[in-house]
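Coming up is one lone chain in structure tokens, specifically the form predicted alone.
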């Protein structure tokens, strides 16, 4: 079984093999180093002219990639830590997202920005954040964050080769070594082309008591939690969209309607986030069908400490999610 990281590696390699217009740019991505988290390891040896290490200037090489995309290339950028997206946000928000509309859709910007997000490794306040909420809802940008239940190979390859819009592709650091799982009680739906939603349940018959909706790295916490809740005789659906924006509204509504008790989870800090928008959409679509108010969980609204015990208290945990589930049931 492929790991989350090896799936990303093979997706990049297959995209580079399939289309000579694919170029990979980023800091320290060439061999022997192969990137801070080794996702690009081996690629520069196979494709020395198309896997290029850049200076430490996120705004600069992101701007270069925008120009390359406008000229017909399909660049892939690696931003070493998601926290550094702030350094290239002008190129993201005011350039790559806007150019197609500004030029009456006569130009395209097929560009993928890959970046690791999330805490749990003691990297401190400026290397542990989940900043995806800063880019949600911006016209022209897609935001994708696969869990380890998704096939990262297929999703990344689709984004590079087939999506003509800029894609922010978020990889949770803690998922890299995990095997990509296929479970017996797992379903997949594709409401947004190329970016599937997977749903895992801990029961074989009957209906769910609670539906958990989350994304990305929280699959690490939620998958074992399902087994624990099964032992407690609680039927739970866990739904993981890979597309954060646009939102697979119909799919999330369908799973939410199965029981009327919903827990929304994300690693972003609390306040004006993904869960807020999803809750608003579900309230609109499930009016009169909810058995309880929707529960929203996120990390604490504070800087993330480097000290392990303090970091644990800041980030959303499996215990937080379990407590929310039982509170809904009560």
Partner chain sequence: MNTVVVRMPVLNANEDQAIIVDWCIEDKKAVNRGNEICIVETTKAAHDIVAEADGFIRYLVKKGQVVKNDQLIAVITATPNEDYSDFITSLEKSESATTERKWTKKAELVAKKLGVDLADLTAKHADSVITEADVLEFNKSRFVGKDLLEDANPNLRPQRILLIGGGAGGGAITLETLSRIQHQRAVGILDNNAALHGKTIMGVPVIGNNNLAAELWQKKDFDAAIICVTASIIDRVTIFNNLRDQGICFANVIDPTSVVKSYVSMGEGNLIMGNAYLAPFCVLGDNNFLASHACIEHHTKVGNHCTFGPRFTTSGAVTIGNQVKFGMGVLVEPYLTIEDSCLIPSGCVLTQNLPFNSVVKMQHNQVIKVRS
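Not measured: the values here are computed from a predicted model. Residue numbers count along the first chain shown, from 1.
Below, we turn to the form predicted together with the partner chain, even though it does not appear here.
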(request) Check each of 138, 247, 234, 131 and return the one that places a heavy atom within 4.5 angstroms of the partner chain in the predicted bound form. (result) 234
(message) Is the partner chain in the predicted bound form close enough to 20, 50 and 189 that every residue in that trio has a heavy atom within 4.5 angstroms of it?
(response) no
(message) Check residue 313 for me: does it contact the partner chain in the predicted bound form (non-hydrogen atoms, 4.5 angstroms)?
(response) no
(request) Check whether residue 203 has any heavy atom within 4.5 Å of a heavy atom of the partner chain in the predicted bound form, and answer yes or no. (result) no
(message) When the contact criterion is heavy atoms within 4.5 Å, does residue 123 count as touching the partner chain in the predicted bound form?
(response) yes
(message) Residue-level contact is defined here as any heavy atom of the residue lying within 4.5 Å of the partner chain in the predicted bound form; does residue 209 satisfy this criterion?
(response) yes
(message) Only one of these stretches, 252-260, 115-123, 68-76, 145-153, has heavy atoms within 4.5 Å of the partner chain in the predicted bound form; which one is it?
(response) 115-123
(request) Within 4.5 Å of the partner chain in the predicted bound form, which residues of 296-330 have a heavy atom? Give them in sequence order, or say none. (result) 308, 322, 326, 329, 330
